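One chain comes next, on its own, written as structure tokens: the form predicted on its own.
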Amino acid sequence: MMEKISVVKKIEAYWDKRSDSFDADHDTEDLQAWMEALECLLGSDKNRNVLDLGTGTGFLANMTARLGHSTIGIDISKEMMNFGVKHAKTVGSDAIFMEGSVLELPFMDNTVDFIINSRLIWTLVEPDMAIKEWLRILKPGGKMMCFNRMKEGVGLNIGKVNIYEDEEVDKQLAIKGARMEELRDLLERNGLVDVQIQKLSGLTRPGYDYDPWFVLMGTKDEAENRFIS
């Protein structure tokens, strides 16, 4: 079994190499529809902060920042985030980008209102560890939102073989083909409540044959307040 740090380094190198094509993928999305969907999900309180995990080229982070939320995007790939910084300047976003692993986040307990991510969850090599870590920094009552294209009525549909061009790394993608009920269970067994999966229609522009977007959501129990002094 490969050491975790070695696995993460190989994944980082892969996404560095793919940054150009990944950035171009977002040209297929209806940005206005995304902005409307995000505004609805995040609510009107602009004092609530957002952490975009696996931010990549800043697709979500730059939109939530433009909606008025203090936003940080974190990723292991510097090349991906270089695109995020460029896009931020273009669209007038004040999102902050920083390097880091979603398995070990440099934030204090109970400090984040919203944790969001797009097309990240299927890439997790230790999903239970990741969700526990995300829950640690989420405020009581805070929400986690994982956006992904999924096959309707089924779940994740990542059918690629040898995605990372390394068999040992690919073997550790524990939930790349997870069904919807397995994704809900992942959040519930790691402490989130009010877990649900919601379909988000109209986010991909017509003419592109993609599976629809869904958001897997869960909330940190308000009862956690009793542990905060």
Ligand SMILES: C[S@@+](CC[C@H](N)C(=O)[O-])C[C@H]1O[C@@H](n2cnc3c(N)ncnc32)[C@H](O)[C@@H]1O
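Throughout, we count residues from 1 along the sequence that is shown. Predicted model, so just to flag it, every value in this text is computed and none were measured.
Only in words, not in the display: the form predicted together with this ligand, which the text now covers.
**Q** Check Met144 for me: does it contact this ligand in the model of the complex (non-hydrogen atoms, 4.5 angstroms)?
**A** Met144: no, not in contact with this ligand in the model of the complex.
**Q** Is Val102 a contact residue for this ligand in the model of the complex, using a 4.5 Å heavy atom cut-off?
**A** Because a heavy atom of Val102 falls inside 4.5 Å of this ligand in the model of the complex, the answer is yes.
**Q** Is there a non-hydrogen atom of Thr64 within 4.5 angstroms of a non-hydrogen atom of this ligand in the model of the complex?
**A** Judged by the heavy-atom cut-off of 4.5 Å, Thr64 is well away from this ligand in the model of the complex.
**Q** Does this ligand come within 4.5 Å of any heavy atom of Thr123 in the model of the complex?
**A** Yes, Thr123 lies within 4.5 Å of this ligand in the model of the complex.
**Q** Where does this ligand sit in the model of the complex: which of 74-82, 106-114, 136-144, 88-96, heavy atoms within 4.5 Å?
**A** Single hit among the candidates: 74-82.
**Q** Sort through Lys176, His26, Arg48, Arg179 and report the residue having a heavy atom within 4.5 Å of this ligand in the model of the complex.
**A** Going through each option in turn, the one that passes is His26.
**Q** Given a 4.5 Å distance limit between heavy atoms, list every residue of 12-26 close to this ligand in the model of the complex, or none if there are none.
**A** If the 4.5 Å heavy-atom criterion is applied to this ligand in the model of the complex, 12-26 yields Trp15, Phe22, His26.
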